[in-house]
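So this first bit is one chain, no partners, the form predicted alone, shown in structure tokens.
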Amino acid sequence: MAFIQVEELKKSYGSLEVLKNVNFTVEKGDVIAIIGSSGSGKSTLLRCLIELETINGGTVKIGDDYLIKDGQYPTPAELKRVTSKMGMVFQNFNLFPHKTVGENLILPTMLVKKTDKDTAMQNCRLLLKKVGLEDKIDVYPKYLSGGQQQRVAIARALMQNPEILLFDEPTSALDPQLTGEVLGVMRNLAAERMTMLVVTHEMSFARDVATKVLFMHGGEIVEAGTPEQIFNNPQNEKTKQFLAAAVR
């Protein structure tokens, strides 16, 4: 059984349809690369999955639990429990500027998970070591490079011990060298079989690391397959046009 099942997902802003009957499945340990032009609905899809946007129709099942079923959400308590399985890494880091790196990691887990401070700090040190920033625990975000800030954001998402990580264009604000730092951490997570959905314009990551690629256009998934299928033998004309421009 699929770990994540999305069926007929719809999202509109008034009369504007942003997502139109989106369907896909994710197996545990998959790395799903979501590609497509700006405005195709990629980021909105992620935001719907973690309930930052309200879904207007469809079904999303995560494990044995429904985020939404036939357009109907569960109780707020159940919704919170389901979304707590996921962590999200945003394009612009979203760190608290007035808190140190360590505080950025421990405060959310103490608040949301009710983790005691000693345990939270122990986990914080382990995760900062994992992303290569154990020496930055007492530093404020403004003294870090963009790549370091994004690695802190990944560590913060991991503090909640999520089953799924969502990445929304995690390298789009970074120069090539800093992009490599962040992608290196993501490659390591993929090697550890972390289930990830990644909206990305980094075609090398989609081709080399993803287990499945979803190409979106006009609020729909118009083609899906393995990286080999999508990059070497795309079937949809829109996919061909996008890759011709994106892969150089």
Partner chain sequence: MDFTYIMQVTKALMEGFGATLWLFVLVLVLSIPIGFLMTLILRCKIAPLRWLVNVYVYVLRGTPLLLQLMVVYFGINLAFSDYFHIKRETAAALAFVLNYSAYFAEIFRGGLLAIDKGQYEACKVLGMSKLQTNIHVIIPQMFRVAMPSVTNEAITLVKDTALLYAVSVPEILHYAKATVVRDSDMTAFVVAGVIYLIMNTVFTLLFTKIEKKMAY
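Residue numbers count along the first chain shown, from 1. Predicted model only: the values in this text are computed from it and were never measured.
Omitted from view is the form predicted in complex with the partner chain, to which the following refers.
- Although the partner chain is omitted here, in the predicted complex all of Ile50, Leu111 and Gln160 have a heavy atom within 4.5 Å of it.
- Though the partner is left out of this view, Pro176 does not reach within 4.5 Å of the partner chain in the predicted complex, counting heavy atoms only.
- In the predicted complex, the partner chain stays beyond 4.5 Å of every heavy atom belonging to Val82.
- Mapping the unseen interface onto this chain, Lys99 counts among the residues with a heavy atom inside 4.5 Å of the partner chain in the predicted complex.
- Using a 4.5 angstroms threshold between heavy atoms, Ser172 stays clear of the partner chain in the predicted complex.
- For the options Val131, Met88, Cys124, Leu144, the one in contact with the partner chain in the predicted complex, meaning a heavy atom within 4.5 Å, is Met88.
- Proximity to the partner chain in the predicted complex, taken as heavy atoms within 4.5 Å, picks out 91-99 from the listed stretches 69-77, 91-99, 144-152, 116-124.
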